[in-house]
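Given next, in structure tokens, is a single chain: the form predicted alone.
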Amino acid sequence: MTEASLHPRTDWTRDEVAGLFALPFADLLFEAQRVHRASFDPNAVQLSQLLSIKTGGCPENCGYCAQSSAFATGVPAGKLMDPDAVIAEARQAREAGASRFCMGAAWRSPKDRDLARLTTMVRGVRALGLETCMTLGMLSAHQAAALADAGLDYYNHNLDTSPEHYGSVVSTRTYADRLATLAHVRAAGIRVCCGGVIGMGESRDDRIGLLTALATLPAHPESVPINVLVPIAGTPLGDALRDGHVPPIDGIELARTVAVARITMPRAMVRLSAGRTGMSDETQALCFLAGANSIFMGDRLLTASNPGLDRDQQLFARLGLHPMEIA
């Protein structure tokens, strides 16, 4: 393991990140592979499963999200699941090969009255030998502490895009709000899962800004999900992509984004997240070559579709990949 991977930089400049994006593609992927192999088995991919534990009715207006109450997407508002049902889903995920189980609730932030059920879920899923992750919206310091006491391993709270483009995506919470939640999570001793969404009409400079913001956090996120916009009918950004007003992200630009994430955050799990149903096997292979080493398994990601287990197993066999084991 190299000194850079043991003590990764958090002082990346925007110009440096832009310089990585501008490299010839072969040179960029070569450097990403070099960095990746210093910290990880290059043929191991972490398998996570994501469950919506409370669907729909979210008061936020994130322009990509089917669960926002601001948009007519046909997703009904549901109630928080019973912990026993969540734990049963986690058991099935473990039997299918998952090593991390992620639980997502469509909230602006959880209510304190929900903490008892949430912490019961965390303890029950951990008892199965799975890593636990939750995404519940914004957290206060005492809520983060309660989840940490229950043993939560990871908390997901994405920055979504660059600070400059952020206002075009959501107006009901600020970039500073997101950073405050990350600070509460980190202070509580929970590992951070934080990334963004590309293909939302942003420029490459915005993708540079997102990765610079992530790579200059006080500590790098332990997981960095790279999501590709899934065009959900009824959402402003989904309709803009479907109508041709927002250009789709091509596979080479996606692989560049993954590679720069890998180089700037060498010890992070870089997850190829939402949008894989629209990717060819060749695009996914490029992303693994660029340093992606985590995916979501299962047919659903909250409300969006995801490649089935059979397709992923076939792709892994073609590429010589294997599931990563929990250390």
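For clarity, every value in this text was computed on a predicted model and none was experimentally measured. In this text, residue numbers run from 1 along the sequence as written.
What follows is about the form predicted together with ligand SAM, which we do not show.
Stretch 134-142 is the contacting one of 209-217, 252-260, 134-142, 114-122, since its residues have non-hydrogen atoms within 4.5 Å of ligand SAM in the model of the complex. Although the partner is absent here, Tyr154 lies well away from ligand SAM in the model of the complex, with no heavy atom inside 4.5 Å. In the model of the complex, Glu89 stays away from ligand SAM, with no heavy atom inside 4.5 Å.
Residue contact check for Thr73: none of its heavy atoms lie within 4.5 Å of ligand SAM in the model of the complex. Interface residue remark: Val228 is counted as part of the site for ligand SAM in the model of the complex, having a heavy atom within 4.5 Å. A heavy atom within 4.5 Å of ligand SAM in the model of the complex is found for one listed residue only; from Met81, Ala105, Ala146, Ala240, this is Ala105.
Contacts between stretch 61-75 and ligand SAM, counted in the model of the complex as any heavy atom lying within 4.5 Å, involve Tyr64, Cys65, Gln67, listed in sequence order.
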